[in-house]
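First comes one chain, alone, set out as structure tokens in the form predicted alone.
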Amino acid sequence: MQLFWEILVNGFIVSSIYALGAMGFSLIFGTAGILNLAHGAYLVLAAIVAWFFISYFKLPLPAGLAIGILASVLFSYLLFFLLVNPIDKSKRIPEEEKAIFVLTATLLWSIIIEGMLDYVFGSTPVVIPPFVSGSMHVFEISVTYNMIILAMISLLIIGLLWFAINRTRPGKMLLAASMSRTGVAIMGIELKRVYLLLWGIYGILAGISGVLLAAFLGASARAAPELTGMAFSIVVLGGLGSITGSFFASYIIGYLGTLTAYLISPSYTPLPAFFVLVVILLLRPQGLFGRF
């Protein structure tokens, strides 16, 4: 019975963090039509940078986390300005081939970030110090207050994102761009402003998700491809571009990974996500909820 409660609690926490990371991945695809294969690299970048400033410069935890998240935002904008936007504006690349060029660019950008992090910091996983200390007994198991805080932060930010997209003018601008970029341009809204907002929000979501994940499971540069694959599996299962679908799919993938870690081996945690990805692409490529 204790094992059941451990799987239930730990699965909920890791799924909540996965859901936060998947929100950004899904938002980028839904609005800009880009599958960002550098997603996992942004998560580990934010985590490792935050850990470095906290551990070596002895900065307070909030300051170190903020620097890690800012690093994710900075590299998010670098990807947009150095690769995505030039490819999109290029007259030498045929329109029908630009999506492939952007996809390849994000993959290469991911390799660059992973290589840089591996060279500077090594491949040993790092763990961000707990936000709070102490624990409590719930359902016959010990649950740290830090685990509860991580899940609460993830769900709070997801709720704020939903509110921003559906109830604020900038959010509705992103929603409109996801439906028709031409329509947004006709309305007099400059698309570059939309993309600046989009990539900024994406960097923040990826950065927060990365530092939360490192505070729970740890992070290393070599985990980036695995995290990208997990996020891709989540958004495909939920429906590419569907925020709601990604949220619920995160819990399916998160619990499948947790069950695998407890019942088989932690080394095989990502395998159920990739198996689900193959099955959903074959049987229901539109995902559970379709596109938002």
Partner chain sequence: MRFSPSSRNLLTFCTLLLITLVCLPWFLSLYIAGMLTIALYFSVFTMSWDLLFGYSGEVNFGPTFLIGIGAYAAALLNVNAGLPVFACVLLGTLTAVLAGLLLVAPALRLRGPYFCLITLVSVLVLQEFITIFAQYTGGEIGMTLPGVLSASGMVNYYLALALVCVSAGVFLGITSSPVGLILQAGAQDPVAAESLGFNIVKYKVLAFSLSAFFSGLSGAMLVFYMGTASVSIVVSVSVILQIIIAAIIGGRRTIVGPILGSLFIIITGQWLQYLGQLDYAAVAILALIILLFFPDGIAGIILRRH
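Note that the structure is a prediction, hence the values are computed from the model and not measured. Numbering follows the first chain given and starts at 1. In this text, rigid core is short for the largest set of C-alphas that superpose within 1.5 Å between two forms.
Although it is not shown, the form predicted in complex with the partner chain is what the next lines describe.
With the partner removed from view, the residue among L37, A224, I48, I253 that has a non-hydrogen atom within 4.5 Å of the partner chain in the model of the complex turns out to be L37. Checked against the partner chain in the model of the complex, the residues G159, G134, P94, G188 give one hit for a heavy atom within 4.5 Å, which is P94. The three residues L59, G68 and V73 each lack any heavy atom within 4.5 Å of the partner chain in the model of the complex.
In short, of 99-107, 210-218, 159-167, 138-146 it is 99-107 that has heavy atoms within 4.5 Å of the partner chain in the model of the complex. By the criterion of a heavy atom within 4.5 Å, L277 is counted among the residues contacting the partner chain in the model of the complex. The partner chain is not shown here, but in the model of the complex it comes within 4.5 Å of a heavy atom of P270.
For G200, no non-hydrogen atom is located within 4.5 Å of the partner chain in the model of the complex, even though that partner is not displayed.
Using a 4.5 angstroms limit between non-hydrogen atoms, L240 touches the partner chain in the model of the complex. Residues L82, L83 are the members of 65-83 with a non-hydrogen atom no more than 4.5 angstroms from the partner chain in the model of the complex. After superposing the rigid core, the C-alpha of G33 moves by less than 2 Å between this form and the one not shown.
Once the rigid core is used as the reference frame, the Cα position of L20 differs between this form and the one not shown by less than 2 Å. Taking the rigid core as fixed, one finds a CA shift for A63 smaller than 2 Å between this form and the one not shown.
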